[in-house]
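A single chain, nothing else alongside it, follows as structure tokens in the form predicted alone.
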């Protein structure tokens, strides 16, 4: 990895952006960490090689200033929830403004952190999903806007010649992960048994934060990554039962399973869908349920073959690392 260059990381006060900023600074790069609220950036504030810069994906001038002199842009910031309009403004229009500013500034590579959510959910998807798998229809605003963000980036790249790469992570766990470490551990340890829909033999597309960061860093430098998208998730897959049971056992629990009958859940779905807000993942819940009951794998073969990327954390070791962090808190 080339050193002594300046790069921009958006979403740097968040979980993934913060980890990526620290990693790139540790590799000898000067990292401009774009933040909206410095109070939330304690994890990276004061780290050697990291400079906090104020900016917002909705403020074009702040983005133009932030990208000046940067060799690479790592676009991590995103709206994970909120109204469809809000997610469109952040995920689509924010990406448009940032990519246009980067291209105008002569940025050499734009690495966009997308999501496996772009594929959607449901029975129309195969058991093995590659980067070429056609996405399923969706009502979920995050899915829709992250797909659109990829399209916006490709369009600007085609118009300007800017090189780009797209990373599609799965459920990112590990130290500092709230949904997939803190909350999943709480679910696994709050009760004498683990309550979950079905027998837990469907797959979770888990990936350790360090492996996401290493793929992003590779995508920013590797010549063959230009113009390519890469899945970043466990392959082979890991079952929900194994994932949650590991958290339970690391906390000294038995990890016994309480399978909630899927038929009972399906019975209430029409009412739940009806009352869910527009753009909510609940609007896709029948398809989401079908998806997570299946042994679906998001293949990372392309990243291994094209980038020479290898995940550092096998799932068992990664969960041990996550559990150790939880214990240290």
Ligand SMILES: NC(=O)c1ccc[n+]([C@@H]2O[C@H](COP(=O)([O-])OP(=O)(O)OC[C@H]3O[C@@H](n4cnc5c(N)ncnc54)[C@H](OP(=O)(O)O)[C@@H]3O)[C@@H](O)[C@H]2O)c1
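Numbering follows the first chain given and starts at 1. As the structure is a prediction and not an experimental result, all values here were calculated from the model.
One more form of this protein should be noted, the form predicted together with this ligand, which is absent from this view; the next part is about it.
Among 78, 141, 149, 99, the residue placing a heavy atom within 4.5 Å of this ligand in the model of the complex is 78. Checked against this ligand in the model of the complex, the candidates 31, 303, 66, 57 yield a single residue with a heavy atom inside 4.5 Å, and that residue is 57.
This ligand is not shown here, but in the model of the complex it comes within 4.5 Å of a heavy atom of residue 12.
Mapping the unseen interface onto this chain, residue 16 counts among the residues with a heavy atom inside 4.5 Å of this ligand in the model of the complex. For the chain shown alone, residue 170 is a contact residue for this ligand in the model of the complex, at least one non-hydrogen atom being within 4.5 angstroms.
Taking the partner from the other structure, this ligand in the model of the complex has a heavy atom within 4.5 Å of a heavy atom of residue 114. If you check this ligand in the model of the complex, you find a heavy atom from every one of 36, 40 and 90 within 4.5 Å. Of the candidate stretches 187-195, 99-107, 172-180, 127-135, only 172-180 has residues whose heavy atoms lie within 4.5 Å of this ligand in the model of the complex. Residues are counted as partner-facing when one of their heavy atoms sits within 4.5 Å of this ligand in the model of the complex; in 287-311 not one qualifies.
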